[in-house]
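Considered here are two forms of the same protein chain, supplied as structure tokens in two stand-alone entries, structure 1 and structure 2.
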Structure 1
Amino acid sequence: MITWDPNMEMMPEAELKKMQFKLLKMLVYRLYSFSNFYHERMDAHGVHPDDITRLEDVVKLPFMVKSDLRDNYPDKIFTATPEELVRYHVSSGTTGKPTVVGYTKNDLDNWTESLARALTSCGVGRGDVVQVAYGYGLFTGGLGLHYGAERIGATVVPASVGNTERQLELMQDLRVTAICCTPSYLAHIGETAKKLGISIKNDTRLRTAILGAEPWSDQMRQRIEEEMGIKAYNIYGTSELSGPMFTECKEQDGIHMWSDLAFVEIIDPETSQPVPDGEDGEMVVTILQKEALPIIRYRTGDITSMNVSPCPCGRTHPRIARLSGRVDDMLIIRGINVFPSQVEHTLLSIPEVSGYFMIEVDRIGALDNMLVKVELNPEAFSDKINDILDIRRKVGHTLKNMLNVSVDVEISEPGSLPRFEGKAKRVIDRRVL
């Protein structure tokens, strides 16, 4: 097994927890002393830094949520001076002000180091050519992976998003071995390659994909790997935490969350109480060494579970499972909780249809109505109406069994539904709730 920082990545669990407590204690004292936001929040919550006497006492600290960042736009929560800041990133906001994230030199170094460990754990290293097809600029994805790949000695192709035919040309001509992008965009690249008569498996040197920024299923991973002849790894991060920071290792069985950088909790999103290891809940993250924009108990909104069992790769840091959705992405259809990732998981189990789909939700009278539009696979396309009706019935029946709620199904022609170069937007909810 190849590691970037073996002493840290394979540190015994007991030592990791001691380190985490020391870092947490220092962080809480620093913020109580130098951050008006955290000082006032802790006082209002009735907690003092002296009350944190063990790692488990983190639950005494108040949560932080996305609205805290927007309400303190642009930099009221920052604890670094303007002279100490070396970069800003800004995440787009669906309503109101965006979220501004500041970085000191140490923040950027920790972010880059995190990705150096992560990329190495996926088998990427010196001699690889890495095509970064995430957005550059204010978005954190492109630059984060760019610097992480450079640190481990790989050669970077800063392709950014879009111009898919050009992406394929670069992939072939520059002998790209790894690509970083959203899973939906890689699927679109593969589809475009087929139209151009290019086989990713046979006509390129691509062998690794680092995919994230949107939920995706194991079925989608399997389809990508089989069609392209590569290994696809899950990456996780949010702008608030710094950007994409953590990936799966070559075992592909959970994302390693580096314990010297992050303390992770999984809570019940309704009661805010911890859930047992292995049980799904909302992920809450404390970034232990962040200087410019400190983050304590940030409710990410992401649904996952924790796995603290030893990983066969030898790394001792805890793992989170593949994200199953977001608290705010969850649709409630006639009293049933439905996640878009469940729909994708189900559709990819049906050979007659593709992974391209849209969900449209309306309220007809007093009842919710959910329509799933899904594309046929080209091999299943037929001009016989009975064939299409049979496939529609099969899809509807399979979705009902999986979701426990009946949905309408519309079968679309191959290539007719939207493709996305960034995060896929698969849900249109027209209900007035």
Structure 2
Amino acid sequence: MITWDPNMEMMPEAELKKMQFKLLKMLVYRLYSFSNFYHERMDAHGVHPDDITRLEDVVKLPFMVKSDLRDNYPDKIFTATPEELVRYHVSSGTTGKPTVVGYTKNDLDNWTESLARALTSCGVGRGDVVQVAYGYGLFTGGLGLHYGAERIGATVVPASVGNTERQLELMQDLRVTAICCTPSYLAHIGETAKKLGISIKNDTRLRTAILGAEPWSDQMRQRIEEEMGIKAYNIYGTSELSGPMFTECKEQDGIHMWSDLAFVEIIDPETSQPVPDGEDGEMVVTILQKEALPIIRYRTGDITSMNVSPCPCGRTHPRIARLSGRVDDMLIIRGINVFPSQVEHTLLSIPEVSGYFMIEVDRIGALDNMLVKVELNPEAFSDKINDILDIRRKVGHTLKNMLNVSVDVEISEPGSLPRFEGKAKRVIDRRVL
């Protein structure tokens, strides 16, 4: 196996933790001394840098949220001087002001290094031709992967997004071996290729795709991989953290979060308490070495779980699972957190029903009642009532096992549940709280 920085990537866990603690301590002292924002925040929270005496003390620090960045537009919480800044990226806000992220030379260097390790872990390296089909510009995807791929000695095709026929022409003529883009854009490239009579599998040298910046599923990965004869890897990052930074390794079983750059916590979004490894919760990230825009205990709003068991690839850094949803979508049913995405994943594993569903929540007396409406697959239709009741029981049991909360199941006719374009509204919550 080839690693970009073997000493760092395979460092024993205990040493990694020691390093994280040292970095955290330095970060907190620096911010308490040089950032008004953090100084006031920590005072208000009743915590002093001296209270951080071990890594676990990180929980004493206050959280940061997206609005902290918006409210301090454009650069009120930057801790670098204007002269130290070498770049800005700006993410457009769907509501209100955008978020501005500034980078010092070291910030860019760490970001690029993070991607150099990640791309290497996907088997990309010198000799590869990498088509970067993320947007170049204020968005972090294009330039981030551009420099990451250059650092590992790959040849970069800075294609950016759009002009799909041209993308295909470049892919063939420049013998592209890897592409970085959103999963939906790759699917679109695939469709366009088909229309033009081009087989990505046979007529190009593409063998790797690094996909992210929007939600996708393992089912979609399987389809893309089979159709295009490639391996597709999941990439994670948001502009607040720097940009895309972390990917799966060749095992395709979780995204390695480089411990020297990021300290990851998974918490219950309601109670803010940590959840056990392997359980779903909100990911909270501290970027340990950021200079221009420090990020401490940033609540990403992304739902995932952490896996600290050793990865067969040999890297010692913990892995997070594919994101399973956003905190905003969370429901609390009889005190248990339930995500519509969990319902979707569960249903996709049951062949008798389709992946379409609706969740209806009511309060009956003092109890929450969750009803999941599912569609029977025509192949599973039997005219024996008991067969359908068995399917309903199976769906109910499987959902209960996954969600830890019992639900009612209603079997609906195929095609009868709403289809959504764009953001799905699959929850009707009629509880009056």
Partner chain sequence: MDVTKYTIKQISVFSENKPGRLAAIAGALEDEGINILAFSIAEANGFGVVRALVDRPDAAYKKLNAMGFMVSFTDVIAVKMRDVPGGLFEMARILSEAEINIEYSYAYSGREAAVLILRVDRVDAAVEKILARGGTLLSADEFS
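In this text, the rigid core denotes the largest set of C-alpha atoms whose superposition between the two forms falls within 1.5 Å. Residue 1 is the first residue of structure 1, and the numbers go on in sequence order from there. Since this is a predicted model, take the numbers as computed values, not measurements.
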> Looking at both, which one would you say is the form predicted together with the partner chain?
Replying inline: 2
> For the rigid movement of one part against another between structures 1 and 2, which of Ser305, Ala380, Val327, Glu413 sits at the hinge?
Replying inline: Val327
>> Report the rigid-body rotation angle of the smaller part versus the larger between structures 1 and 2, as an integer number of degrees.
In response: 46
> Can you give the CA shift of Val395 between structures 1 and 2, in Å, with the two forms fit on their core?
Replying inline: 14.6
